[in-house]
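The chain that follows stands alone, in the form predicted alone, written as structure tokens.
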């Protein structure tokens, strides 16, 4: 196995996200980084993964070009189900079938609550964002939720201004006390610097794995609270040369995601 030395933080984030996926799993997928991470997994180590998009599309093969969003017309020619949200959000998600939900975020707090609604007070926000779409359903009902976003300090407040998608709310048992099932909730937050998971008791986020080109000091500076570090914190394996080749040449040959990795657009579902 030959590891690659020439890769970007975005490519490392995408490959790390794909590593969370096992073959044969049912995935319900939000827009932006989740799209490319799940398609990469299907192309490499999880060919039997089933990809569901909220608008009513279920994929069992990879589109001819990478979708720009979950309603991109290119996905229809590769669908095994082409219907509406009643099927994917209703029967599939509310039926408890997805093993993993993948979501983007504008920002995420220490308990995994996701905001894609507004910055500032809801009634008079500094910025109004795209809102929920199906993201609240994803975070409320999927067995495990993975969030993917760039690692920037403004994206990690101690408490989000608005909870679009519930994580572990106030920590501890607050998610269950709010009426959400105990077998659901955030599983990981994956960024351009590392992989973060959640304590089984406090439900607070902690650093589980950081990337070879990064450092714990840099990671801590990217949070607005004192992020906890696992006692067994790990360094991730870098991408292999073959993984980078597949990602660049077969999944995103036109650089629709990879060459625009400095864009500051706020993602929403």
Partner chain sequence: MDSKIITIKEAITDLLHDGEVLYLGGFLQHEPYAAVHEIIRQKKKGLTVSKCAGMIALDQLIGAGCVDKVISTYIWNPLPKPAHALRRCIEKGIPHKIEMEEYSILSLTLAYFAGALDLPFVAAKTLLGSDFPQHSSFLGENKMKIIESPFNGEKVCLIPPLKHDLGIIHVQRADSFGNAQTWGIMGDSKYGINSCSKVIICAEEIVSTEVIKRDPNRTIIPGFKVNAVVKEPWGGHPSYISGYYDIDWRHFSFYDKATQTLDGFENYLREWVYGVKDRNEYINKIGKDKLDELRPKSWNSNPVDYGYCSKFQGDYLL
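Residue numbers count along the first chain shown, from 1. Just so you know, these numbers come straight off a predicted model, no measurement behind them.
Quick note: we don't show the form predicted together with the partner chain, though the next part is all about it.
Distance criterion of 4.5 Å from any heavy atom to the partner chain in the model of the complex singles out 75 from the list 145, 193, 149, 75.
Contact annotation: the partner chain lies within 4.5 Å of heavy atoms from the stretch 58-66 in the model of the complex, the single such stretch among 216-224, 58-66, 229-237, 203-211.
Among residues of the shown chain, residue 158 is not one whose heavy atoms approach the partner chain to within 4.5 Å in the model of the complex. Put simply, residue 162 is close to the partner chain in the model of the complex: some heavy atom of it is within 4.5 Å. Put simply, residue 128 is close to the partner chain in the model of the complex: some heavy atom of it is within 4.5 Å. None of the heavy atoms of residue 171 is located within 4.5 Å of the partner chain in the model of the complex.
Of the residues in 175-206, those that come within 4.5 Å of the partner chain in the model of the complex through at least one heavy atom are, in sequence order, 177, 178, 179, 180, 181.
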